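Just the one chain here, laid out as structure tokens, in the form predicted on its own.
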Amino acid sequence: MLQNPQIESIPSAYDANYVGTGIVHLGLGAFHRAHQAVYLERYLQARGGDWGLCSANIRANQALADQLTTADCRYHVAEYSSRQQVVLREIRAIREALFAGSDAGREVLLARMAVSTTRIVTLTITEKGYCLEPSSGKLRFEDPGIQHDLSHPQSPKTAPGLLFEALNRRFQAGIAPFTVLSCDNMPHNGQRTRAAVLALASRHNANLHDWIAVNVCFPSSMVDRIVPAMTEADFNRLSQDLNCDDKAAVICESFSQWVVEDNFSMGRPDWEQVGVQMVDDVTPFETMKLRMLNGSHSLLAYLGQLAGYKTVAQAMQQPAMVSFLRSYMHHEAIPTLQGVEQAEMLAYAERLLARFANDSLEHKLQQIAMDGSQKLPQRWLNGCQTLLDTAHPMECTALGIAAWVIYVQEAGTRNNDLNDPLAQRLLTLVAEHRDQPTALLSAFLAQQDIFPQQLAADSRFQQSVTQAYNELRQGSVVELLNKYSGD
């Protein structure tokens, strides 16, 4: 239990019964509840208006939607600056919580998306939820969910299918389209979402395809807040330290950032009033965040677990890890970035190291490690090609890639415990090339939906990854972290 914690409690002070729903959100997870919903809560507190949220899970966790519904969609967000400083917010911006994992639930969600009062649809469904090839961004038509949506477009199961069908209903009814705002960690997430929806539309209706292409806005955005998955220990901490008994509560860091391209067809909240950065082009922000924050997080996830750590804060207590991450950001991430001043990027790197060291967040490395096949291209691989083209080092990144391969290998000995949409394929490669490291690495690099063909065929890239893999198999992780720390 905390000794004399500094707690600021912020109740929700407006009458939510008079707030209409203007935004439908796909992905009722912890990040949405601690990020977009908090911005909307602050906005509604200050400005009011019909910008409440209807938030839905489309794949799993009916219990959460039921909990929120029972609580009239009230829940709490605990924002920790440190273990001794916390802000506890009551959130009521979500006006309806849905579970769309059944036919009846999907129909309710589609009806909410199709109604004219819905002006924006936002998404936090993780990279795999878009059913895209990670390296190219093309829709994976062979995905079982997409196959279902092609055969049953009026009862879709995937996010692209839901967006397509809702837009189709508005098209047929003569209702103007909503704006689609992706809030997931993908480069050009608006463009990728647009491409996925248009790919589906091209298989159905040429007129609808053209209507979407001309009339629907797909702005990109960059989101940033560290929000670990909740555990029983977290709920106990909230109860004991903050007297907060709320099974829908979320713990997160105090830092938050949201950068959004200002391209909306049916209006939007004046988000600038609550700290959202509205810009013409989000690319410099999203690339910096993907390669510096997310890239460092993935290095922590794979190398940290190999070194025996379980959380980010634990790994950051190792001086060699701190130096290694700083070296990665300075020498392998920053050289690939454009549009941001050098001094700003260096300062951003130091802020990230301080945020990672926040010991009030029990951010599990296992959580960050999931879905590696979907994350590597935008976090590391796209930047790798730039590093090779400009003769910059890539040893830190190569060490991370090698650690990911070993992580997948070791999953084969943990009862196939690999949380990744390509788990079956990757574990099959491990089984086929057991005790054949050279063949295994070649097989992994041959996965063109993960590794861009030009990069995988580059002998310098192959040699760097092979050397890193051999060193990790033969030596100490901490010694290697020290070896590749250039600062």
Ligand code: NAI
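Note that this is a predicted model, so its numbers are computed, not measured. Residue numbers run from 1 along the displayed sequence.
Keep in mind that the form predicted in complex with this ligand is missing from the display, and what follows is about it.
Which residue, 204, 128, 148, 74, has a heavy atom that falls within 4.5 Å of this ligand in the model of the complex?
Residue within 4.5 Å of the partner: 128.
Just one of 31, 444, 461, 43 has a heavy atom within 4.5 angstroms of this ligand in the model of the complex, so which one?
Contact check passes for 31.
Mark residue 79 yes when one of its heavy atoms lies within 4.5 Å of a heavy atom of this ligand in the model of the complex, and no otherwise.
Flag for residue 79 set to no.
Is there a non-hydrogen atom of residue 286 within 4.5 angstroms of a non-hydrogen atom of this ligand in the model of the complex?
Contact with this ligand, no.
Quick check on residue 261: any heavy atom within 4.5 Å of this ligand in the model of the complex?
Looking in the model of the complex, residue contacts with this ligand do not include residue 261, since no heavy atom lies within 4.5 Å.
Is residue 27 close enough to this ligand in the model of the complex to count, meaning some heavy atom within 4.5 Å?
Result yes; residue 27 sits at the interface with this ligand in the model of the complex.
Among 44 to 52, 448 to 456, 429 to 437, 57 to 65, mark the stretch whose residues have heavy atoms within 4.5 Å of this ligand in the model of the complex.
Going through the listed ranges, the match is 57 to 65.
Along 217 to 233, which positions have a non-hydrogen atom within 4.5 Å of this ligand in the model of the complex?
The stretch touches the partner through 223, 225, 226, 227.
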